[in-house]
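As a starting point, one isolated chain is supplied in structure tokens, in the form predicted alone.
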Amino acid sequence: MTLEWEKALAESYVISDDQKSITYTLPENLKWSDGEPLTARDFVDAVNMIYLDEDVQTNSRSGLMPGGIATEWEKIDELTLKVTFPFVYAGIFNATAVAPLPMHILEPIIEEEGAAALNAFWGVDTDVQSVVGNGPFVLDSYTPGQRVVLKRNPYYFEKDEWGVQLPYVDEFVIEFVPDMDTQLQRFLAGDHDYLALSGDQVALALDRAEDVGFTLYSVGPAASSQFITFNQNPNSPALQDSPKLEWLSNRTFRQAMAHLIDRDTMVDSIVYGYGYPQYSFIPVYSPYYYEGSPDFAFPYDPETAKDMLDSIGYVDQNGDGWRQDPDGNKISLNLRTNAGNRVREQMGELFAQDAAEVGIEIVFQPEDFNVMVGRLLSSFDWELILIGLTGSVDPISGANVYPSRGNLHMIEPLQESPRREWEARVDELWDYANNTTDEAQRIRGYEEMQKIWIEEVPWVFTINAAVIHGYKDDWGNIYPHPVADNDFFGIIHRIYQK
């Protein structure tokens, strides 16, 4: 709740005098959900044999490689491990907050079939009761498209202040509901105990709160970001042998598109006032947020957008209402987002309408979320995508996003060296802000990074929704929080029924 780091599985830790290594000591008798011991090897071997293996598909690798250099993980004994960094690094806790893996199960697979075999291990056709973890709950059943049922992990490590084994509840059910309207209906019918609401749902929910017996909490802007990103990857099938790569790589074009983001209308009409204009990838309550972002960003101004498009020769040459580039190609782009997210669908429609007003055709195509993520991470077959990221108070957790080498550096991921001058500067600033423990230096680095991000428009930010949670009144220990992992899923192991 304080946003300060604190121990979880660790019993204690010591940072070396040169601040380049950290040694963790685990308590005795930690266990996996199958009753097997959880030891230092489950961290060390997980990193060395799995997370750092390039044949394994994982989002964790970039965070374990500050500056592109792998951290060194060493098992001292069964309860002690040491992690050494190539230099002083502000993210020493971020990089070592690694999920351990049950190596007593995974190591034999690696030895027999290689680490790449793990990419298909524990897939959706697995007997879920065979999946081993160490959190407060374990999988009990999974019905595709309907629900996941979790039950208490009898070996969960944490106890409350009175020595009572956590979690308090015996069963935790996550239901898959096809759309937000149905979610709200189920919640208002009393079928669900918790719901994250959108702004357009608040008025209806408040009318039923007393009858159903729940309380709504509005806890401020989310730490997450929502934005439209522009594909500039020359390896993208969508852009090869197409003039679209030139359009999307043109900074003036992207800046003109940024002038078409009508944040005020999005807040007022789409989230019914429960939202905030967004200008940065850092949340406003972070000490690293650049306060000048709103003034530095490109405001909603279609007339300026027209002038900018004119200045680069993107004009209507034939009088059909659509602009063409200097070679006569009609400027038409596909915009994708995840279907079923009504807020994003409405934002996409509004952006497409505003683009049409200045002569740019945006073909808006909502689609399955997993299909869209596949485009981002593997096929690179996209032009524009409206998506979001979880975000964090300390942006160092975005090591796989903002440096050009990151696998989620969406405009062109996993670059061996930065293709664009501004990306090289961002890479330098990333290291400047993070290869230190000097907080003033970190703030300076992130401030310049935010300015570059706004000016270069690799993606343009939209709005930041207000975090609104509904909880039934018969549950205790409810402490809503806008930061992901500190919200419902961060407190579920301490929620109890009154």
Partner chain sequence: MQSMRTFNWKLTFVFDLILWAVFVFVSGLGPVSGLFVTEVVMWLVRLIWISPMMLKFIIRRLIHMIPIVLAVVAIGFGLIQLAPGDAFTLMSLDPSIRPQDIENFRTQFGLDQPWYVQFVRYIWNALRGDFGYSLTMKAPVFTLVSQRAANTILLSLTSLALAWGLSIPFGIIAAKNQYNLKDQSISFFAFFGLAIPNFFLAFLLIYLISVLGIRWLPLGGMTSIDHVSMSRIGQILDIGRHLILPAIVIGTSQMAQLTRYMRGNMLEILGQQYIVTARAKGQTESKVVYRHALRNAINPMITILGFQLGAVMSGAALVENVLAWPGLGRLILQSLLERDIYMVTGSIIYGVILLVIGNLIADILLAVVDPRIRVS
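Numbering follows the first chain given and starts at 1. Since this is a predicted model, take the numbers as computed values, not measurements.
Just so it is clear, the following notes concern the form predicted together with its partner chain, a form of the same protein that is not shown.
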query	finding
Residue contact check: Arg419 to its partner chain in the model of the complex, 4.5 Å heavy atom	no
Contact of Gly292 with its partner chain in the model of the complex (heavy atom, 4.5 Å)	no
Contact of Leu139 with its partner chain in the model of the complex (heavy atom, 4.5 Å)	no
Its partner chain contact at Pro144 in the model of the complex, heavy atom, 4.5 Å	yes
Its partner chain in the model of the complex reached by all of Leu30, Ala46 and Pro413, non-hydrogen atom within 4.5 Å	no
Location of its partner chain contact in the model of the complex, chosen stretch of 96-104, 213-221, 144-152, 302-310 [non-hydrogen atom, 4.5 Å]	144-152
Arg208, Arg425, Arg342, Lys75 - the one with a heavy atom within 4.5 Å of its partner chain in the model of the complex	Arg208
One residue of Val88, Leu408, Leu333, Val128 in contact with its partner chain, assessed in the model of the complex (non-hydrogen atom, 4.5 angstroms)	Leu408
Stretch 182-199: residues contacting its partner chain in the model of the complex, 4.5 Å heavy atom cut-off	Thr182, Gln185, Arg186, Ala189, Asp191
